[in-house]
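What follows is one chain in structure tokens, specifically the form predicted on its own.
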Amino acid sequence: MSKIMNMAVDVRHLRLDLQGWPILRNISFAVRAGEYFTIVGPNGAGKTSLLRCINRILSDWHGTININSVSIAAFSQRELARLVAYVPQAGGRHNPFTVRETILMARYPHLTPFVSVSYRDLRFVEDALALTGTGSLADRAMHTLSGGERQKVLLAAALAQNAKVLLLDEPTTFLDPRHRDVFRRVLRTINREKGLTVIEVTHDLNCAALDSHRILALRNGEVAFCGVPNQFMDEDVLTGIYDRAFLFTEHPVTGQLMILPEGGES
């Protein structure tokens, strides 16, 4: 029983069809509370759709999705938002609010009508600004930010939401190397030190291997691999997922196998 209760997210036999096209087929996996769980796979494998099913953005699926051993169908949207926060890709429309206002709006699952924002709500906002290094942006309008800055603000908003499970969809796509490293350090901190369950979609296989406790790989809407990084960083496993060969080297600090970029032809 304790093992069951320790599962933050449990997905069983998930199937999703969109406009008659199969997107996800018989997806089953479980994520332990406090785990850093990464989802990888080629373009079109169904990674983003899977996150949107867990967050109930997409609802016309078949199977079972449980959060803390309770079906997500049992939660109101406000109740689900107290448990699960979602950081989408940074593209899309830009809202007209300031950074601080945007982060404060993420407190909506904890607010009640006709009651003023509390000191506790404001404290969550300020803590999220500090943790993500976005305090200097607090009074700027969202539409004035770069893609990387917006992505950090979206993370801050998710942290202010104070959910127990954090879903991230390619969160470092628009970040330069320095800001990417800062962003990933924040993710490691909230996972290792604060115990937040992190489920991240990424194309960065090296970061997946370094940061994750376990990795799930999708291919053509099906599970192609689920296991620890050492098992994932294997020539046969990766070739089966991506239909290409890989070059490896050992990380000089951790010893973890890492993927080398292909050199240009001479």
Partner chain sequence: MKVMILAITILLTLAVLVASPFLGMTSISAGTVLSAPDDNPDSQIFWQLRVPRVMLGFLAGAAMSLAGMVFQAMFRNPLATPYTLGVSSGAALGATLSIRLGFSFAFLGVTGTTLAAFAGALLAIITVYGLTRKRPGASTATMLLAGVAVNFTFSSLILLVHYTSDMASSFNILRWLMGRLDTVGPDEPLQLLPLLIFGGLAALTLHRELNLMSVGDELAVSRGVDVSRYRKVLFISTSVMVGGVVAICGPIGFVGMMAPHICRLLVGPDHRWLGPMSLLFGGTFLVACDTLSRMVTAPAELPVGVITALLGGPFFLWLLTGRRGSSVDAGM
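Since the structure is predicted, the reported quantities are computational estimates derived from the model, not experimental observations. Positions refer to the first chain, counted from 1.
Another form exists, predicted in complex with its partner chain; not displayed. Remarks below refer to it.
- The contact with its partner chain in the model of the complex, taken as any heavy atom within 4.5 Å, belongs to 81 out of 81, 138, 186, 145.
- Across the proposed site, 56, 77 and 112 without exception bring a heavy atom within 4.5 Å of its partner chain in the model of the complex.
- You can rule out all but one of 129-137, 155-163, 190-198, 170-178: in the model of the complex, only 155-163 has residues with a heavy atom within 4.5 Å of its partner chain.
- Its partner chain is not shown here, and in the model of the complex it never comes within 4.5 Å of any heavy atom of residue 125.
- Proximity of residue 99 to its partner chain in the model of the complex: non-hydrogen atoms within 4.5 Å are absent; the residue sits far from the partner.
- In the model of the complex, none of the heavy atoms of residue 219 sits within 4.5 Å of a heavy atom of its partner chain.
- Although the partner is absent here, residue 182 lies well away from its partner chain in the model of the complex, with no heavy atom inside 4.5 Å.
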